[in-house]
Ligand SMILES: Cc1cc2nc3c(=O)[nH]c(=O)nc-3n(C[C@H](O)[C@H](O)[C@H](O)COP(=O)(O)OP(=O)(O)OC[C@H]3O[C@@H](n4cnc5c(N)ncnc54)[C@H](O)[C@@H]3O)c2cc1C
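One chain is shown next in structure tokens, namely the form predicted alone.
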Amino acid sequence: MYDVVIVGASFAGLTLAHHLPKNYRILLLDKKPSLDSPVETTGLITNPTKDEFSSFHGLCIERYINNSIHSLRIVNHGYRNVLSNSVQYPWIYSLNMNALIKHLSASLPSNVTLKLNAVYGSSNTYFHKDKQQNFKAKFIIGADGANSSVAKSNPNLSQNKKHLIGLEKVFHGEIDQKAIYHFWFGEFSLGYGGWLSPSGPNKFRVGLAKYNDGKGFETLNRFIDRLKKEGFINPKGEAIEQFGSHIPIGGPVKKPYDKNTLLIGDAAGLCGAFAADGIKGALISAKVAAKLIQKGSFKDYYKEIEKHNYLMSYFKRQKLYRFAWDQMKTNESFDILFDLVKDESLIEVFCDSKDKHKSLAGSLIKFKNARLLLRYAWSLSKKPKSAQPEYLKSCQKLFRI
């Protein structure tokens, strides 16, 4: 018998386990085989998210910061034009994710039982090393990511319906330790784009997020080869890590709780993918969950999250960003957007708007931008080459057009 069973031991699940009362009996389940298993996240956090770690007893988050990043550089599909935004203060931080997760796991209170190699089965079972185990719990918390098994097991809970596939490889090699690059593409990576960021001394990571077409790592490898050719990276040897995960992009789910069951973090769609800050939703939703579990009711879940710097409003705005981004299916659309934002500080108005309370739309919809905005609107009606009818592709191949 447990007071709380938490499924998933990444940021959401570990945060909840650390913030529940010490007299609760808690079971924490995770499918990874060991504490040294790679963590499937870009490991980037903003200043306000960094501050959220101050509530962990005995944790000095500075020990796990690899890089303090001051610059954001946007690169268009031709790899030639680079738009650079810089600030004097660190805007975003790159964390040593594996070490941080290992520390948070190893420092769990004595009232928490952590079981690795454990897969959630249903409301009262899990499989530990392939052996079925039964349990009873007052509360069950799904902190198990975009494809939550807790959500799937309960028909009264909503599931994430829309995802990107996020893929990353980590290499030894030198890049600018104070900058992160975001690559804007049309046909190459529909849904999001690519990135290049420092990942500690003499290490960097290359990532790509896109709608899943079954060619994920093949596309990522093409991206890496192009970065080598264009001189952005010079890796020393093969990748030392690689992983992929699903990124929820449908916004907060409609039904995140049912009686004694609650979804937190990515499982509830609380992901800040556009701002490279999905960790914030995990931390805050877990802290709110800890309070509501003690009250015995989840009815104010989203209201309580909104009290944290209007975070729910930000997640809902991301759905509008997503709608606009999905309309851009050609390189031309991204080139025009590139021209629209070249005089704006994206750090201030886009990538961290949830913390700065500044509007991207308000910054771009101006009379001086009228011509570009009209061109941009016209470009949205065009289809990417990859969306051409199959018969037309066949004709092109036949006649070598």
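Since this is a predicted model, take the numbers as computed values, not measurements. In case it trips you up, residue 1 is the first one in the sequence shown, and so on.
Omitted from view is the form predicted together with the ligand, to which the following refers.
Site annotation in the predicted bound form: the residue of L100, A137, V253, A118 reaching within 4.5 Å of the ligand with a heavy atom is A118.
Every residue in the set A9, A12 and S149 has a non-hydrogen atom no more than 4.5 Å from the ligand in the predicted bound form. Contact annotation: the ligand lies within 4.5 Å of heavy atoms from the stretch 263-271 in the predicted bound form, the single such stretch among 316-324, 79-87, 227-235, 263-271. With a 4.5 Å cutoff on heavy atoms, W195 counts as touching the ligand in the predicted bound form. Although the partner is absent here, A289 sits far enough away that none of its heavy atoms falls within 4.5 Å of the ligand in the predicted bound form. Though the partner is left out of this view, A282 does reach within 4.5 Å of the ligand in the predicted bound form, counting heavy atoms only. In the predicted bound form, none of the heavy atoms of N66 sits within 4.5 Å of a heavy atom of the ligand. Residues are counted as partner-facing when one of their heavy atoms sits within 4.5 Å of the ligand in the predicted bound form; in 18-37 these are L29, D30, K31, K32, in sequence order.
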